[in-house]
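Here's a solo chain for you in structure tokens, the form predicted alone.
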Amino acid sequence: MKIVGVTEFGGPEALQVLEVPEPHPGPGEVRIRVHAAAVNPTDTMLREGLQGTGGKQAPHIPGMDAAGVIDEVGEGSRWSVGEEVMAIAVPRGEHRGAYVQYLIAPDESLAPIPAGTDLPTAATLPMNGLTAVQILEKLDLSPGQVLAVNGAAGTLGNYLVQLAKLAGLTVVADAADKDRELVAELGPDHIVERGDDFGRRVRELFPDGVDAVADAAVQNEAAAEAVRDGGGFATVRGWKGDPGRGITVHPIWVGEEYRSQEKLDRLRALAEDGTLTLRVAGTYPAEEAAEAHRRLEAGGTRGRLVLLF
């Protein structure tokens, strides 16, 4: 089968189209004929070697989001051949990443695609949606409490704002001038200008600080400044800093959601009813994965770039 992977870590040019043997599902697993795989910042980190190898031999395969059609089922699987599904993948796990023609997935790692969406659009939801769910679960805020979200114009930020509003939270989101309309459509209660002074701008609205920050823009200390004493801070890149003032730092590891089928199916339902807005920024043939990575790293994409297999 065709995959896109790296045999040596490096820049976008390190991505290669390779042929490897076709896999087959074991008990409680399915094989997905992947048609679409979203391109995320974490994919570029794996490509560069910043995530290690997980003990796996090359080629290393990026990709944590896939959508496609089940074409084989293992013994005892509750899924059926022909179902259109979306799945989360774990590149350093047993079944590798999603930049593949055929992805083996345990039953609990997938859900039907949202009704009314196509496969490229569905591929934008699993990893970022489950990341947003985990952030809100770990911060454990109550209705009426205040959450500040930076990077709100990005895919993770989009889902965070919309899910937080669904949970009854008061939401402060950041936005550059060019993204203000997009972010406003997500429904935050307050919008502050995007920038390195995020913490200060949030405190202009809430002088004592907010109950928690979801640091989707990876601003670390600059974002933690916005949190009140004793509040919560969610970091998606393993930041090990200590903001002090009794703030609890919550590292977010979406790989822990690999078998969170019920959560993924709830995200499907929320996409179907319009609570979550799914966005595709552009599509590329799998053979042009390097160009997709270059475009992502150039910044400014709104929605996910998607590889087509």
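None of these values were measured; they are calculated from a predicted model. When you see a residue number, it is the position in the sequence shown, counting from 1.
Same protein, other form: the form predicted in complex with a small molecule, not shown, and the subject of what follows.
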query	finding
Candidate stretches 103 to 111, 233 to 241, 161 to 169, 138 to 146 - the one whose heavy atoms come within 4.5 Å of the small molecule in the predicted complex	233 to 241
Close approach of Ile70 to the small molecule in the predicted complex, 4.5 Å, heavy atom	no
4.5 Å heavy atom contact, Ala217 to the small molecule in the predicted complex	yes
4.5 Å heavy atom contact, Pro41 to the small molecule in the predicted complex	yes
Contact label in the predicted complex: Leu278 to the small molecule, heavy atom within 4.5 Å	no
The small molecule in the predicted complex reached by all of Arg31, Ala98 and Leu307, non-hydrogen atom within 4.5 Å	no
Residue among Leu125, Leu156, Ala89, Val227 with a heavy atom within 4.5 Å of the small molecule in the predicted complex	Leu156
